[in-house]
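As a starting point, one isolated chain is supplied in structure tokens, in the form predicted alone.
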């Protein structure tokens, strides 16, 4: 007796019970993916490409992409979390908000789920370690990136103007002034995104106090109003005061900042290695892959930090809603994340928090260089806001815009930040 014949002979009651069984219900699934990245870039592109292949095999599963405004992402997740209506998969800020969502039982325990699915060994241990530092020892978000941050620079502009890679803050400022005098914008930055500016304050503080500076702030051993932080905020504010970021920095969005650098209109760009996908794309990168160099944040006078200390992170992490953690979602996760690291590296040259087990051909030189920098990093440290609570996180970002334009003093910026951190 074939299967259709046997099904036809079942009573309507039995047939209905089969149709309503968990296995049947899970055969149809809509996975909503909320991300600020466009569908053509970064981990979002890789996930959607892998999902497209999966849904061809499982037509009952649909993956819907929703674009998020990164500047409003935290508030959006707060509303969705309060309504117990989180998307299936969503980019999440690497701060205590994500920890709080997990403490309410709203997020998937990635470690437990990946071990259950037999794909935990796909994760890079260094990326797992960084994420656990961020999230109170738990793996509650996917490390879809493994980034190192620093200054990318235009080699030709440096050579033409006799500028060498700055090793100290004074050398960096001297180089910026030289470019400005030649009519070349020293730095490209997105003030609209805000974090590219606070990153500079955080790096300066790490050079001043050492790579564990923000952990010491979190423990109450340092205050954000201490002299070293005032020096850091003042140094970064001075860059804005001298016009080194160009006109209207606070209106410059992320892509415009990248394009300004990739079109040869600015000498330097502080950014993470997630930009490799852009740099490795000749349609975007007009100055050429071989014309881009990279150096670590310079040391500062009298500081404890060294050039062996690197700002590293796993980027804008991605969390998964526990409410939707069923068999259909887990089957999709196993398929997509078994292949994520290899596909992201092979097709975009992205270094992720997943292992690369298949050696790709024609790896771009920039990607190889960044991989070597990551492998040689001695003391990775977290970014400025990583351990802030939601209020301090917002204050640090919102107030950096008036700081950089001179409409707020460094002392007031840090006073408000310290108050928000309590």
Partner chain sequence: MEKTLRDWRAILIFVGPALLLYTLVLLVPIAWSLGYTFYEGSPIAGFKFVGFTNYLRLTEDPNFLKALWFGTKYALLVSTGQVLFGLLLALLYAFYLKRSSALVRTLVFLPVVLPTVAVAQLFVKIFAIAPQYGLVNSVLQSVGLEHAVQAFLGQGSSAFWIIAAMDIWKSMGFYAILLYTGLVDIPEDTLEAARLDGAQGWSLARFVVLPLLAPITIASLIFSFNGTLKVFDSILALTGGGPGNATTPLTLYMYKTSFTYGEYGYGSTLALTLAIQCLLVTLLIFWRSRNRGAE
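Please read these numbers as outputs of a predicted model, since none were measured by experiment. Positions refer to the first chain, counted from 1.
One more form of this protein should be noted, the form predicted together with the partner chain, which is absent from this view; the next part is about it.
Contact check for residue 256: a heavy atom falls within 4.5 Å of the partner chain in the predicted bound form. Of the heavy atoms in residue 248, some are within 4.5 Å of the partner chain in the predicted bound form. The partner chain is not shown here, but in the predicted bound form it comes within 4.5 Å of a heavy atom of residue 78. Contact annotation for residue 412: none of its heavy atoms lies within 4.5 Å of the partner chain in the predicted bound form. Stretch-level contact analysis of 372 to 380, 390 to 398, 359 to 367, 43 to 51 against the partner chain in the predicted bound form, using heavy atoms and a 4.5 Å limit, identifies 390 to 398.
Each of 72, 104 and 252 places at least one heavy atom within 4.5 Å of the partner chain in the predicted bound form. With the partner omitted from this view, the residue of 100, 85, 290, 136 that lies near the partner chain in the predicted bound form is 100 [heavy atom within 4.5 Å].
Contacts with the partner chain in the predicted bound form, taken as any heavy atom within 4.5 Å, map to no residue of 132 to 149.
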